[in-house]
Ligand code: HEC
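Let's start with one chain on its own, the form predicted alone, as structure tokens.
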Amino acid sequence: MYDQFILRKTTLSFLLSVASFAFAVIACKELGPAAPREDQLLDGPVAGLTPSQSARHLAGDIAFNDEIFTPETGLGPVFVANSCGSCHPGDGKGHPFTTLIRFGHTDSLGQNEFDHGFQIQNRAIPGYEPEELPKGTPFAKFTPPSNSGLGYLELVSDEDILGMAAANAKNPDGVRGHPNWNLLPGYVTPRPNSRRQGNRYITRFGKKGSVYNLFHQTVVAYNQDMGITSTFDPSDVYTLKSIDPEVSDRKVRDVVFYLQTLKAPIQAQP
């Protein structure tokens, strides 16, 4: 009789445990937020990619969002962040931890330009000191922007940009947009039919549109934000000397393709 009682008690305890687990699962399912629909996600590829393009998009996604650099893989020695995704979490806007600090300098035309200027690398690997802004130096702080839909911006023609600037040149409220003309590094090839002023081209990415295209932006971000050199920009941010590349050409171009094929931001419904 005692053995039967123990058996019944054990069975009852087991059934109660199963019931409690099932109730918890159902409760979580009922009380927890539902998974967002695909069209509500911030990141994700544009429609219509081929299988090979989808694979490349995924490779760029992994390099952008999953790869975290360390001193052993080339981080620094001074830097702002240790990954692309830490500045753009979920391909969205940055946060105070990854605020960029740039200080002004005078360019060849005598203009003081924050967005073309130098950037403070405010973190460092062990054994090195992070950079500090010289006292009294003018500076500006920038929050990394969202990445979604950048490929569409890259496709906007120079003619359209100039047309929009001309259309609001006499805007009565005084708000007027001006295209940014900038020098290009040697590794950037201008698009066909690009407009230029002397040896300067219309740029459109980065703060105040100081960077020419997503390839230019990606190379600069690897170098200036993470201290990662490439064959395109082999200059070490600490010594300013050329060193061996710490990221492959293929990975850089995969990240560029990923950014080019991210879908546009979700538009609010009226």
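This one's a predicted model, so the numbers in the text were calculated from it and none came from an experiment. Quick note: we count residues from 1 along the sequence shown, nothing fancier.
Omitted from view is the form predicted together with the named molecule, to which the following refers.
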Given that the partner is absent here, does residue 74 sit within 4.5 Å of the named molecule in the predicted bound form, heavy atoms only? no
Does residue 221 make contact with the named molecule in the predicted bound form, using a 4.5 Å heavy atom cut-off? yes
Just to confirm, residue 214 within 4.5 Å of the named molecule in the predicted bound form by heavy atoms? yes
If you check in the predicted bound form, is residue 207 within 4.5 Å of the named molecule, heavy atoms only? yes
Heavy atoms within 4.5 Å of the named molecule in the predicted bound form: which of the stretches 156-164, 80-88, 125-133, 180-188 has them? 80-88
Every residue of 151, 203 and 257 near the named molecule in the predicted bound form, heavy atom within 4.5 Å: no
Taking only heavy atoms into account, state which residues of 139-169 are within 4.5 Å of the named molecule in the predicted bound form, ordered by sequence. 142, 143, 144, 145, 146, 147, 150
